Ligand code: FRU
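Single chain ahead, written as structure tokens, the form predicted on its own.
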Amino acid sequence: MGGRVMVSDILQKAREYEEKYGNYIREDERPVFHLSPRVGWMNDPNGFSLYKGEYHLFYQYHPYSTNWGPMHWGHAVSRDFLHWEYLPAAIGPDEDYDSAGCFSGSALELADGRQLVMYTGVHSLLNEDGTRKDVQAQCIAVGDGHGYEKYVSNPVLDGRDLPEGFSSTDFRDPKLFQKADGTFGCVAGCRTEDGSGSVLLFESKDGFEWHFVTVLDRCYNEFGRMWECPDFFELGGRQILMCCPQEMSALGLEFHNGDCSMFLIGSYDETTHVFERERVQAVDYGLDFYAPQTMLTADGRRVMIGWMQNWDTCVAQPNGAKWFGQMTLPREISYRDGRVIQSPVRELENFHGRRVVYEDVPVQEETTLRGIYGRVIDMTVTVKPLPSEPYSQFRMKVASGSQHYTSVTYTPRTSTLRVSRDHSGSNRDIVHVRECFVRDRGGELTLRIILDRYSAEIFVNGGEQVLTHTFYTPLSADGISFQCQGKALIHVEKYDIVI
């Protein structure tokens, strides 16, 4: 792309609005190291990628209110996944083919140094009966990390490229990847002829001209309905197809969020383009997680980020909110013993401040420990049973004050972990509790808890599972306590996070 990028009136208006009103939000009103929108509303992460030495993260964005609206792409960059710098909004709904919104997509760097962005453009059509329907198609734009120009031949994929019976009303969220031979692949979600979801694979030699290859996997109404926000990558010798089923029914203690995220773990033959699904794993077991997207770092780590929110709880906004929605802490993912394992990005450890450690502290009645408190911390707690006196339940409270707390409860007899924010100040009748089974280790449990003002991300037993929750309580509620039914020993290591 050469020369000056023309900026439409719609995009310029969004940029002027965020520049003016984003400055009204003080730093102490935001999370410290989780990305929130510059102003207004944020949902899915888009275009999570490495470009010219910086991590770029775009996001679904409605700057004009804290509710979902006509989708733009917000934009931020970082060099360490923790310090984020806002850039002007990158894309706006300013063409006929995306006039109803610029929906989710992805980005990568081209061989000529340009950044290729692929997104879902949505426009509305009038039916013969007077009703309207949205039509979704895949579009591209090219830029230099700051400005982006939409491709003159958009859309590059539309309903004409779909298999017979597949719906252009639900055809979205392209995720780009580059193959070893320098050509490009893309996966996208689509609704099939039986009304449920699938993930389609497309290919391109240059990133601009695309063609359909195959249906990688499909739902058959087994795992929810429409499959959104797919990703496709190799991890530890296995092939991972990640997607987000809508209208998902719970399976025991799995998939309790109606809109959830899952790893489909299997194998892939690049010659025949056949993906063989072998097992399914939930991505996150908490209340607030959706639409994850991954990228590769320069040193070969697969890093994932998600929207730290749940569609069914968006009504629970703080009074007077100037922004709503935030991203998770980026997570390194790996494959071990049949599971995808998640860990906070290692860069977080570079910002560890004051360390407080307690070893083998006996806990029975509710106990507080000097120096163990805070709302911006990285804390690891290991619970160990006494051989002569097994405990029946362990409970921890975080973000605790006179009226508020979030609790984490482990019951070794059933190997269940329960996280509850029902005392976290919400005035909405929404779900506040999640439970999951954890691996039985004879009553021993390790929890790494990342708090950042308005959220808790709980990594269980070295990242075998993660539970993510948001809460909007006064920051003065910063207490932490421990309690046992019976008696157990705990080891606690806490770091303040200093950004």
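Residues carry their position along the shown sequence, with the first being 1. What you are looking at is a predicted structure, and each value in this text was computed from that prediction instead of being measured.
Although not depicted, the form predicted together with the named molecule is the subject of the following passage.
Among the candidates 104, 294, 261, 328, the residue which, in the model of the complex, approaches the named molecule to within 4.5 Å (heavy atoms) = None of the others qualify; the residue that does is 104.
- Message: Please identify the residue among 229, 287, 396, 417 with any heavy atom within 4.5 Å of the named molecule in the model of the complex.
- Response: Result of the distance check: 229.
- Query: Pick from 443-451, 63-71, 49-57, 470-478: which stretch has non-hydrogen atoms within 4.5 Å of the named molecule in the model of the complex?
  - Reply: Of the stretches listed, the one contacting the partner is 63-71.
Next item on the list: Classify residue 311 as contacting or not contacting the named molecule in the model of the complex by the rule of any non-hydrogen atom within 4.5 angstroms, answering yes or no.
Entry: It does: once the named molecule is placed as it appears in the model of the complex, residue 311 has a heavy atom within 4.5 Å of it.
So, in the model of the complex, is residue 44 in contact with the named molecule at a 4.5 angstroms heavy atom limit?
Within the cut-off, so yes.
Does residue 172 reach the named molecule in the model of the complex if we count a contact as any heavy atom within 4.5 Å? Residue 172 belongs to the contact set for the named molecule.
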